[in-house]
Each structure stands twice: as C-alpha cells, then as structure tokens.
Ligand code: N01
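Below, in structure tokens: the form predicted on its own, a single chain.
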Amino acid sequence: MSNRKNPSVVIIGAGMTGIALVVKLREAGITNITLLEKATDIGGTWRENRYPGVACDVPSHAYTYSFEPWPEWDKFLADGSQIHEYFKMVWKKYGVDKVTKLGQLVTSCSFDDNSQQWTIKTQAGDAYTADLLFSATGILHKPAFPNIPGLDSFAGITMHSALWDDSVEFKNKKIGVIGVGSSAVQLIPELIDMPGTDVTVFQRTPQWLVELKNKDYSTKDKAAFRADAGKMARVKKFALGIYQLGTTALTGDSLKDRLMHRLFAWNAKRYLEKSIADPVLREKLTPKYKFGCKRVVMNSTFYPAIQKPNAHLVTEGIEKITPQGIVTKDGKTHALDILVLATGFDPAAFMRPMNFTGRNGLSIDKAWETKIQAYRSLMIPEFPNFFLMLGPNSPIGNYSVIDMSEIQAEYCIKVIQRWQQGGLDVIEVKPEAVAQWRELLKSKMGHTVWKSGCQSWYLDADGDPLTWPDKWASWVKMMREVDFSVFKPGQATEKKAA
C-alpha cells in the first residue's frame, strides 16, 4: 500500500468517464493516476461508433462536462465526430493525456489480500499495481450479434454498426439492415440517400420515436455562446429539464406523472400518424407496447426515409441467412450485397470479458452468477478498493451520461476521502448492503413503465431493473450522501479487534 494521501490509481478506459475521473481526482488532490486505454486513440463510444449519421440524441450543450462548457458546437444535436473532437480537446487541455497509456487492452485485474493492492495486466505484456481501481469501460461497449442460423455463411459484406468499415463502398448496392433501434434510425436514412442503393430494413419490434429536429449553429450563434457563458448554461438547463420530465413520466407514480406519460405517448403517436401516409406501413411501425417500455428513440429522419422508393420495411421474422441474403419466415429470399447488423450491445458486459478477480480469487463471473448487482451501481462485495463506473442500475436511458459520470465520481471521492482519513481500512461494502439495495430497487420498480410487459435491455433475465427505476432527481439526491455504515470494517480493523 502506497501512502493514502496520494494513493496509486488505475482507471480502465479513456472515454468520457475516464477523462472525468482524472480531472475530478486531481481536484481532490490525488495525482498518482494511470489511465489505460485499449485503443490507439481515446474517446470510447465516440471513437468506436463511426457509422454514417451517428449523433447524440442529447443536445450538445447538455452533453458537456460541467467544468468545460463549449461554445463551438456546430449543431443542436452534435455529430459523433465532433463529440469525439470535444473529448480529445478536454483530454489534452486538462493534461489527461500525460497520464494516459494507449494500446493497453486490459486482460486481467486481481486483488491481493496481503498487499491490499490490485494488479492489472494488459495484452501488451505490461503490469500495473494500484491502491484504487476504477473501471470506466462504459455501459454499451460490447456489440451484440444476433443468433441467426447461417449468419457466417453470407457471401457479401457483413458489419456491425459499432464496428464500421469505412472502406466499404455502399453506392449501387443492395443493403440489408437488421434492427430499428437508436443507431439504426440514424444510419438507415443515410444508406437510403446514397446513390443507387436499395435498402431493406428487417424489423422485429417497432420503436416509439419522438421527433427531435436538429439545427445548425451559425457563426453568430457560436459568437454569442462565447460572449455569454450563461447562454450555454441556460440551453443546457432547458434541455436537461425536458429530459428529466421524460424520465419522471416513465418512472413516477403520481397522477401528474401518469398524465405526463400520456402526453409524451400521445405526442409520439401523433408524430407517427402525421409522418406515415400509408396505413399499412404505419401499422407496421406502430409499437404494441407502452411508450417508454423500450428506450425512446429521438429522431426526425427515419420516418421520411423509410417511405422512399428504394426503402423496404420487412416485418416477417428471419428464418435464416444464406450466401445470397436473408430468408424470411414467409419463404422469401431477400438478395443482398451488404448486411448491416444494427443489433445493439450487451448491456450487462461492464468490465468483462477481462479476467477479473477479487478476494481469494473470486471471479466476477462467479460473483454475478445469479444476479448482476453492485451497491449504488459502484461497489461489489469481495472486490475491495474498486469502483465500477456506470455499473448496473445507473440511470441510463434518455439522459446525459456525462452528468451521471460526474455525480458518481464525486460520490466515489467522498468514500475515498474517508478511507484516506483512516475512517475505512478498505473500501468494501457488506453483502447485506447489496441485498438492501436490491430490495430498494424492487420497491421502486412496480410503478414504472418497464413493468408493463415488454422485453427490454432495461431489465435483466429475472425482470429486475438494470437501470435506475425512479426519477433522475431522486437518484441525484441519494448520491449526494454516503452511508458509511454499509462498509466492512476491513482487515486491519479486524486484526486490531482480535
């Protein structure tokens, strides 16, 4: 153990959360930090996702760090490339680059009971030790591939939307897209508008879309933002206020909340009805589940695009994939040149697939064998001095992940400061704290829209929440305070007592 005043810290992942952690920890006086990044560039989600049309559905001024508002956004809803540019700018401006080691894919993390330290090993053959370990690998980083017979037999080009191949020529090609989620509705219009393409969209479940129009920020707009930081703050506050209303409508149980949910649902249905002229197509695009039971998609380009002559929506189930294309359950073969899998991500991967072990060699797979859980999303029994950023039951969905990361970072720092002062021998929660946390989540789940019956990545296999099942404001309030009674006394205290 190095000195607690300035402990050694390793952070895995140089995306938006990893960058924020370095800045926040330094503000708290902790400077012995190493940030490990698997790739040769930073940026996480916004480095990985490069498909045509990729953008954030949270307004750009609301998708910035609290310590670095930015007047240079080109659009109200920023393109992925500019978001990546923003993170790289912050990474350099705040000197995060000085503690970053690129090309360091972490393969294993193990805790040693004797030294009370973590050992982190990478594919490059390097090893690091740390008093404190953070996983900032993100929520949706491991692409999910569909289990369809014959997927590997397709003779054309196959790619996942999160593993985009920029070298592929799409012009004059027959393209199939599986999926109509958030990435798909951004991508599909771009493919449809490419010269000579013929695009077939294979939809399993329609999505509720809320119209969210984009707008360009002019040179004059940017100058106004530069001249008045308060203007940026007001735009951010207004945008996040609307998103908070949305989360309240999905999770609240008062009459006002239920009426708000009906209003949002009515608005989405009205957008569908006014946008899709053909009643047959409109019926195919109409969800049969409650608004918000699956992640609500913010978009204004998909409905116009799917009605173009070179666009086709197929709702028949997929039977198999052949070298020629996709065979649907009605026996029809859809010949394709390119197959795009817009099938999302594994929402329960977190730090995996690395080999991750805590006390006595306990693996994370064993610890999570029956239930993926972490106290307040951040801490796991038997994995001391470890924080899982954006872990299970973080309030993911339609809100700014940057705000979540900053709030979680501030909570972690409060815990670390108690540990630095000697109030905790180790940072480790009791198993009963996790059980109580799970009961709290279940008690809040009953009145949410996610219990209305649809299948969603918001729920685990048991139907329990993977996201925070309550209002954003209640989560923020809860995270302001640390209940130190949930922590184990630790090895040193136990030895003294003996």
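Predicted model, so just to flag it, every value in this text is computed and none were measured. Residue numbers here begin at 1 and follow the sequence given.
The form predicted in complex with the named molecule is left out here; the points below concern that form.
Enquirer: If contact means any heavy atom within 4.5 Å, which of 192-200, 143-151, 330-338, 352-360 contacts the named molecule in the predicted complex?
Expert: Within 4.5 Å of the partner lies stretch 143-151.
Enquirer: Among 57, 186 and 207, does every residue place a heavy atom within 4.5 Å of the named molecule in the predicted complex?
Expert: Heavy-atom distance to the named molecule in the predicted complex: all three under 4.5 Å.
Enquirer: With the named molecule left out of view, which of 116, 158, 343, 107 would have a heavy atom within 4.5 Å of it in the predicted complex?
Expert: Residue within 4.5 Å of the partner: 343.
Enquirer: Tell me, which of 236, 88, 294, 173 has a heavy atom within 4.5 angstroms of the named molecule in the predicted complex?
Expert: By the 4.5 Å heavy-atom cutoff, the listed residue in contact is 294.
Enquirer: So in the predicted complex, does any heavy atom of residue 450 sit within 4.5 Å of the named molecule?
Expert: Close contact is absent here: in the predicted complex, residue 450 is far from the named molecule, nothing within 4.5 Å, heavy atoms only.
Enquirer: Please check if residue 472 has a heavy atom lying within 4.5 Å of any heavy atom of the named molecule in the predicted complex.
Expert: Heavy-atom contact with the named molecule at 4.5 Å: absent for residue 472.
Enquirer: For residue 468, is any heavy atom within 4.5 Å of the named molecule in the predicted complex, or not?
Expert: Residue 468: no contact with the named molecule in the predicted complex.
Enquirer: Heavy atoms within 4.5 Å of the named molecule in the predicted complex: does residue 80 have any?
Expert: No, no contact at 4.5 Å.
Enquirer: Looking at the named molecule in the predicted complex, which residues in 165-186 have at least one heavy atom within 4.5 Å of it?
Expert: Heavy-atom contacts within 4.5 Å come from 178, 179, 180, 181, 182, 183, 184, 186.
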